[in-house]
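This text opens with one protein chain seen in two forms, each one given by itself as structure tokens under the names structure 1 and structure 2.
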Structure 1
Amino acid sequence: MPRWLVALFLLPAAAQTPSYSGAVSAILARRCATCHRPGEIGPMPLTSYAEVRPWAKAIREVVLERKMPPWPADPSVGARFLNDRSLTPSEIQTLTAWVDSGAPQGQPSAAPAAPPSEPASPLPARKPDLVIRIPSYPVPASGTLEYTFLVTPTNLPADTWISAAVWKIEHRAVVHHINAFIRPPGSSYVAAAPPGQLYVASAAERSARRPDETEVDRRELLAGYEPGYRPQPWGPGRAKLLRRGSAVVFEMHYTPNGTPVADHSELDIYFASAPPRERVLTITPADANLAIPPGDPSYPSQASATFTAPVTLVSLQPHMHLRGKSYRIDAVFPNGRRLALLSVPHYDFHWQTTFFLAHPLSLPTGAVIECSAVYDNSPNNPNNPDPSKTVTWGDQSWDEMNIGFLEVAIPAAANPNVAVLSGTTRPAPTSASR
């Protein structure tokens, strides 16, 4: 073959060899640097060639295994999600080809600007209308910490719609979770907690409610933080309601990691500029009757919510602890049709995700959301604190939970008591699950 013809065949391949300054830096900025930057959860920054180059082979390995970026949803099952952070096949091919070609930098002048100090957000760019900050939570180097509460009266003169609420976490490494609840006037929820002071409430105090008190009249989840948290708007024309006279209650759970710190995390709240079309509520089907036998590698648990009015499903979040193995959420329509919404085949307690539907799902009266969890209490689970223990529901990471956090939207003026928990069911154990 003539040399010129050989060169003609080789030229496109050479021209297409990816470089950091070309396609690679753009992929990393878009998919990785939101977490891999100073102050974020990633263990090392990946915002420049000097930072990325030593990790090139490791990057190749984790993207081929789809361990990074963390995205636990099975792409072949269920809905599409707005916040899908997984790499496309083309992006994986570009990154692996770059590493295989020696991870060249390319022309530095061609590289895009370094990612901003704060990751790009689809949430409001303006200053928040209300900021609630933890005055100081002392986390010791070791020990077991109980749920602690901070009640902050809002003193707003009228009902106020909230279009977004964004957590700013100071010490992510020690935060198990922080939930912010809206507590309406007269609510029984941690009613004895003194405003503005850290307060440890017993399990009985936390679960107490008046016989005639609905869940919405007791508390509403405004925003929650767990490892893996990324803020996402509820969508145009949707908001949560902060009723006049309500307080915001932080439910805080910290886990010491060997270094004492004082945490001052905060929640930034943005008011809606106009009344919304729809009100967003959080429904939490749960199985509180867990009793996972010692050594069981595949223990099933189910929880469900039955809707007593039409709703639009906006987001989904599975929640388990260290023995969580897999999670699946399905919608069952009144005519019996079943629709798979989410499958997480390998649940990771250390990276929990709220999945925002790319196309929110309309559910009619009588529709059911089923949340199916599976637990691994065997010695083969490397995260298992004690495979010899029967595990029940509890607050600490060595206990267990099965909660499906479901955000739904209803007409703004509609009755918010739109769902009832239909109880918990559990398939009879089989020899295969023992």
Structure 2
Amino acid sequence: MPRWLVALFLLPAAAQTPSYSGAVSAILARRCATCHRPGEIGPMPLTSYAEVRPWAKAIREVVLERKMPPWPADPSVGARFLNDRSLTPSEIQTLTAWVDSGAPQGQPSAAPAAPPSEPASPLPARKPDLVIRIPSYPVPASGTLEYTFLVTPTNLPADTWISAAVWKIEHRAVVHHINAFIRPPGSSYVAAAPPGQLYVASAAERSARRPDETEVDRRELLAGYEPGYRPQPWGPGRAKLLRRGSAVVFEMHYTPNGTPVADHSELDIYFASAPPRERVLTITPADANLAIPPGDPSYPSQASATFTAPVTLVSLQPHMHLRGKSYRIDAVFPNGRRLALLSVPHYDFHWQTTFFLAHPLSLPTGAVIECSAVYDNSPNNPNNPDPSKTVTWGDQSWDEMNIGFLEVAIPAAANPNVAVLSGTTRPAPTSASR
């Protein structure tokens, strides 16, 4: 081939080589800098060429393996999610082509401004109506911390609709997770905890409930914080109900990281400005009968919710601990049709994720949501704290759980007892529990 012809072929390719100042910094700002900037959980900032250049090879590797951004759902199965963090194939292509061509900077003057300091938020711009702040949680440099509770009575004069509840976390590097629950009047949930004080409840105390008490009577998830958290609205015209006399209970789990700190994270609560059309409820099917034999590499468990009224499914969150291997959530309609909603093929305890459906799903009376967990209690599971143990239900990460947190919307005035829950281990094999 004549040399000029070769040059002609190379020219467009060279012109397309991505540069940092061009396409690359825009992708990093959008997809990575939410965590990789000062004060966030990412171990290094990725906000300038000087910061990014030494990591170029590592970036190529983690994006090709889909380790970064952390996003555990299998993109080829199930629903689309509002908060999907994963890279598109063309973004992966741009980043790898850039590294393969020597990670050039391009025109420094063309570099886009630093990423927005906060992701654009669809939440109220006004001041919150109620702020609940952790008085001061002392996190030591090392050790294992017990789940700790903080019960805050709300003392509101009437039933109050909450349109949004947003976490402001002070020390993201040590907060493993915090769940805020609404505890209605009369509930038995950590009932012995003195209000306003940090309290460590025994496992028995945490799980004890009156025999006639439904989950909705006992507690309801208001808002959860997990690494990578971004506030998500429940949708226009939707709110959670804080009944008069309710308390808000924080369930806190901190993980020391070498530096002692005192944490004062807070939950900002916004009241609805008008009565909502729909009430958002959290339904939590769980399988408390787990008994995972020592060494078992693939132990299945199933928990389900059968709806006794029509609901709209808004979000999903699988919850297992260190032996969690994979998780699926399926909807089964009364006519037998099965719809896969979520598949997490490689569950990672360190990335608890709430999946917000891009298109909330209408479920008729009789529809079932199946939450199918699989555990690996073998020595091949690198996270396994002890493969020689039979593992049963419990709060600590060396115990196990199978909980599906499901947020559903119902008409605002409807009866909130909309589901019958069940949990079974070793279910008969179905197409969902391969």
Ligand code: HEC
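Predicted, not measured: the structure shown is a model, and the values here were computed from it. Rigid core: the largest C-alpha set superposing within 1.5 Å between the two forms. Structure 1 provides the reference sequence; residues are numbered from 1 along it.
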Given structures 1 and 2, which represents the form predicted in complex with the ligand? 2
For His359, does the CA position differ by 2 Å or more between structure 1 and structure 2 when the superposition is done on the rigid core? no
Any chance the CA of Pro227 moves 2 angstroms or more between structure 1 and structure 2, core superposed? yes
Honestly, after the rigid core fit, is Asn257 moving at least 2 Å at Cα between structure 1 and structure 2? yes
Shift in Å of the Arg210 Cα between structure 1 and structure 2 [rigid core superposition]: 4.3
